[in-house]
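Only one chain is included here, represented as structure tokens and corresponding to the form predicted on its own.
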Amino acid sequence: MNGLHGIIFSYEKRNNLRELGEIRSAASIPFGGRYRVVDFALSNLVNAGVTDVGVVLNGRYQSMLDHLGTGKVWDLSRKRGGLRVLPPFNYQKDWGVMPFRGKIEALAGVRTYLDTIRQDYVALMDGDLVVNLPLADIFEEHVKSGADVTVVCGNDSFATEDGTYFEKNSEGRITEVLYNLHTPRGYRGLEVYILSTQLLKDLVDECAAKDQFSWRKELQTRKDSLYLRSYIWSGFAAQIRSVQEYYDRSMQLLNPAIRAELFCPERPIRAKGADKSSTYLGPEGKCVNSLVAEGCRIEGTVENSILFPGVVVEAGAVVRNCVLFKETVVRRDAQLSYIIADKDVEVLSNRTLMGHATYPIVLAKGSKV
């Protein structure tokens, strides 16, 4: 399938990621033991046969640049096309430099890039979406249906604040575009759209000329003049826009059924390797119902937790219901519950840190507690 181009939005949005978002965008947050959130969007596109992908940046993008590299991990390192990291762009107001106000403005900032797209169709995706979509099938249905825009929607279990909802008729045509709802109804949009390249350029040009920047407002305005079609995805999907959602969705990965769906062999999720040796479980070590990446050393107790590469849990330490990023060290006899530890965190001996399932504690990168 050479007719589809991918654009991933990795610019800053309003969110409640606290310490997790201070040094990185939501799309580059580690997830699932060995992945970054953006790995899912990239893998969705590559699994559908997409060979050209542009990633739109804005702020806090150094982590994303380091992670993407040349795109070789996703087979996007090519002499022609492949992965393109689109430079950050801000609009200037009297009060200073501000983030993008919406997808239209982000695309207007890289308008010349749109002219270089070789494919007839474009898939727009948010970089903070964790999902494994049959994107090739969705694209095929889009072409056969003759729709102007196909909108991928999730089921009721996919819910985040400030979302866009869609109502459809029996034929799948979208009849209402709704947002800022006190009581949500319809289907929650996954922020995945497929449309023709020419239509996208026309929309960007027209909206930029009128200083209109909101993609969802344009869909709402044009729902009668354009054929908006829905595709309902009933599987696992998560948008990482708050610490609580990050923690809840991470813990869901301990469910074998959800893992099997998200990491199905037919559509593999590609990620950078950690280049570490196998994990070591000491004679007194205990690991129960947890996801543990390579290069870890466990001599204490780990229960219902997710450990990224290089994590060390020393003898006597107990880690329960936690997410520990790369190279985190939990010293002897420390007790951790409901903790999200960023990279290179050290928890000293005999410390006790306890959060709650409804309010996990976040330890910032490099902190020593």
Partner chain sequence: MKKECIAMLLAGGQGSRLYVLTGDMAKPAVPFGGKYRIIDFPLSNCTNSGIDTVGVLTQYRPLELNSYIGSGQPWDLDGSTGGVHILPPYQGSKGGTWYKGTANAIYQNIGFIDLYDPEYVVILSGDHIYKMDYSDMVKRHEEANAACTISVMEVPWSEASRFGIMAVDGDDMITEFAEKPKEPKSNLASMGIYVFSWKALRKYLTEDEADPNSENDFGKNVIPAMLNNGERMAAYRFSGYWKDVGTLESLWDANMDMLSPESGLDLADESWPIYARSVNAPPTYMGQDARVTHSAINRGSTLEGTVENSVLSPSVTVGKGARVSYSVLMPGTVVEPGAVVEYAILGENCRIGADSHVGGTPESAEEGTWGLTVLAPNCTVESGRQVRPGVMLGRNGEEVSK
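Residue numbers count along the first chain shown, from 1. Owing to the predicted nature of the structure, the values given are computational and were not obtained by experimental measurement.
FYI, the form predicted together with its partner chain isn't displayed, but the following is about it.
Counting only non-hydrogen atoms and a 4.5 angstroms cut-off, does Glu266 reach its partner chain in the predicted complex? Looking in the predicted complex, residue contacts with its partner chain do not include Glu266, since no heavy atom lies within 4.5 Å.
Using heavy atoms and a 4.5 Å limit, would one call Lys210 a contact residue for its partner chain in the predicted complex? Result no; Lys210 lies far from its partner chain in the predicted complex.
So, Tyr35 and its partner chain: in the predicted complex, are they within 4.5 Å at any heavy atom pair? Looking in the predicted complex, residue contacts with its partner chain include Tyr35, since a heavy atom lies within 4.5 Å.
Does its partner chain come within 4.5 Å of any heavy atom of Gly282 in the predicted complex? Yes - in the predicted complex, heavy atoms of Gly282 and its partner chain come within 4.5 Å of each other.
Please identify, from 196-204, 136-144, 292-300, 224-232, the stretch that has a heavy atom within 4.5 Å of its partner chain in the predicted complex. Answer to the contact question: 292-300.
To verify the annotation, which of these, Val110, Leu124, Leu178, Leu254, has a non-hydrogen atom within 4.5 Å of its partner chain in the predicted complex? The residue in contact is Leu254.
Among Lys217, Arg249, Arg84, Lys286, which has at least one heavy atom within 4.5 Å of its partner chain in the predicted complex? The residue in contact is Lys286.
Though the partner is not shown here, which residues of 252-281 have a heavy atom within 4.5 Å of its partner chain in the predicted complex? In sequence order, Leu254, Arg259, Phe263, Pro268, Ile269, Arg270, Ala271, Gly273, Ala274, Asp275, Lys276, Ser277, Ser278, Thr279, Tyr280, Leu281 come within 4.5 Å of the partner.
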